[in-house]
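First, one chain by itself: the form predicted alone, in structure tokens.
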Amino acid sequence: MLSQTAEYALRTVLYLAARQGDRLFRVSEIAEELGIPQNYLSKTLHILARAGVLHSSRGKNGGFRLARPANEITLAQVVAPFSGPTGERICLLGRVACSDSDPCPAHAKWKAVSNQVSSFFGETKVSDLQESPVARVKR
């Protein structure tokens, strides 16, 4: 469902959220840790910075960190710049015109799933994915 770029963006934001603080992380450090090509990741992180998800700083001590606390960033905000599933619903079968009034064969079933996916990305904060499932059960 997610593009490769959106997945890299999400993995990186989760990585930075787990290490949140004032420290800036260099692209090379993040790329090595997450196994993502450095040049590809650099472009992705700059897009996230322009979208207000990350803060970036240039220079010798430059790098990236979250622009806001993890509990203020939704997954939709992370993946939206990369055409994630949170935007306008696309036709599962690739039709240009697919709507309630002109549906494709999969429209009715896909619409419900697509709405659930959109809700998940829009309602889930980065901080929600930092808690372990075991910790949630014990509460």
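Just count from 1 along the sequence shown to find any residue number. From a predicted model like this one, the values you see are computed outputs, not experimental measurements.
Unshown form predicted together with the DNA; subsequent notes refer to it.
Contact check for G52: no non-hydrogen atom falls within 4.5 Å of the DNA in the predicted complex. Contact check for S101: every heavy atom lies farther than 4.5 Å from the DNA in the predicted complex. Proximity of G62 to the DNA in the predicted complex falls within the 4.5 Å heavy atom cutoff. Among residues of the shown chain, S42 is one whose heavy atoms approach the DNA to within 4.5 Å in the predicted complex. Only one of 68-76, 33-41, 109-117, 93-101 places residue heavy atoms within 4.5 angstroms of the DNA in the predicted complex, namely 33-41. Contacts between 7-27 and the DNA, taken as any heavy atom within 4.5 Å in the predicted complex, involve Y8, F25, R26, V27.
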